[in-house]
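Here you get one chain, nothing else, as structure tokens; it is the form predicted on its own.
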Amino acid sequence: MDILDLVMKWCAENGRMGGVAWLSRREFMRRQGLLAASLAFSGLAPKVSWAASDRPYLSVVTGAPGPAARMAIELLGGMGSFVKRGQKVVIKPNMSFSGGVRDGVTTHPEVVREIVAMCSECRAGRILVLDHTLRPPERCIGEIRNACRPFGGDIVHGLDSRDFYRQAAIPQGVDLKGAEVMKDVLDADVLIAVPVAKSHSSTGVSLSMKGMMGLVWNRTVMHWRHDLDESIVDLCTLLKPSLVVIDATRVLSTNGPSGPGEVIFADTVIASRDMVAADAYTVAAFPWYGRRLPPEKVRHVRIASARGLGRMDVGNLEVKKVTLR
């Protein structure tokens, strides 16, 4: 049983899917196809300097959202390892829905604010926080925009007009050969993925790889015209974050991506240069639909690993864990 089978079983047992008691896998997929900086300013944030040889493959920090995000990045060598003076940086959180912080459907504003602060400290030339929201942007981006406002009033945007996108080829695409991608992302020097950890009814989980769909104009076509998991991996051959910071301060472990569902308050941030490893570690670290699963049970993680985009053998990777008090 892979995670999609588990999602289907859970939904049937809990009365989801529009009241249908059970759906075949084919019918489930068909229906899915039719569904369309406080610490930074105070100077109190911890500063850590690590030699390159001491940097772990993954960092896992438990603590308050902002400080945990900062420490997770510091453990990887600091934001200066990813962002240089004058560079254009795009930060991609989950802002698709309008739920509150405790609902676990969007990235914690304090995590995003801390990352913006760190990019500002590196003297980035332009910092943008972008998503293609699934609800009206003004209902979705408000909390994160308010959190980031001290760094400028033109940072956070939900881009819901096709004018902000342009066609891009995906040379390494197996199923998806091209997509209309946000112009700012295509023109950026650095892409940072900052997803919230949550379940997803079509792909089992929504983490950094699945989150790249929020940077394209027509994500619906990936559901019904393409193999969804394969096309997610195709998109990730084009959109490769330099840094992944997964917000697992709250984990929406059931009924994602929009909730409401069971939320686990884990107070954890996971970071890596490798999006496959970051996603794989997160899959293994928390229960999904009531069960613990190995990363290979998530099909797009398995495909990405097989295609060489990153590693899912998290048991063989160096992981640095820190608890902030």
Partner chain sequence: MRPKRLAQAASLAIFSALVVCASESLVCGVAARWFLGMDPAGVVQVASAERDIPAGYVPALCVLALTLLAGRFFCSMVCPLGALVDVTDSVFGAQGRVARPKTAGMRGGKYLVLGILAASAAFGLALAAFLSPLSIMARLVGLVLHPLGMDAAGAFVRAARPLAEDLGMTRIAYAAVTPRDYGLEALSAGVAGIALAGVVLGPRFWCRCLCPAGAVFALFSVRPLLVRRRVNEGCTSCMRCVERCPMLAIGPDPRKTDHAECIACMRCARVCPVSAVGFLPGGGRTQGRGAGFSRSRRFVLLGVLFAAASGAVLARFLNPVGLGGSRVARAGFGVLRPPGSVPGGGFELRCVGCGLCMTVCPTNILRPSGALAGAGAAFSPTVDFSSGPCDTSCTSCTQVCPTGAIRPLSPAEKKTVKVGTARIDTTTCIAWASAKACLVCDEVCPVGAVELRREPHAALAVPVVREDLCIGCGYCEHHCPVRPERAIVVTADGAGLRVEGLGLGGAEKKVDGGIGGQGGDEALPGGKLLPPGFSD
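Positions refer to the first chain, counted from 1. Please read all numbers here as calculations on a predicted model, not as lab measurements.
Keep in mind that the form predicted together with its partner chain is missing from the display, and what follows is about it.
For Thr220, a non-hydrogen atom is located within 4.5 Å of its partner chain in the predicted bound form, even though that partner is not displayed.
Among heavy atoms of Arg299, some come within 4.5 Å of its partner chain in the predicted bound form. Within 4.5 Å of some heavy atom of its partner chain in the predicted bound form lies at least one heavy atom of Asp184. Mapping the unseen interface onto this chain, Phe82 falls outside it, with no heavy atom inside 4.5 Å of its partner chain in the predicted bound form. Contact with its partner chain, judged by heavy atoms within 4.5 Å in the predicted bound form, is confined among 132-140, 234-242, 73-81, 112-120 to 132-140.
In the predicted bound form, every residue of the candidate spot (His157, Lys210 and Gly259) has a heavy atom lying within 4.5 Å of its partner chain. Residues are counted as partner-facing when one of their heavy atoms sits within 4.5 Å of its partner chain in the predicted bound form; in 184-214 these are Asp184, His200, Ser201, Ser202, Thr203, Gly204, Val205, Lys210, in sequence order.
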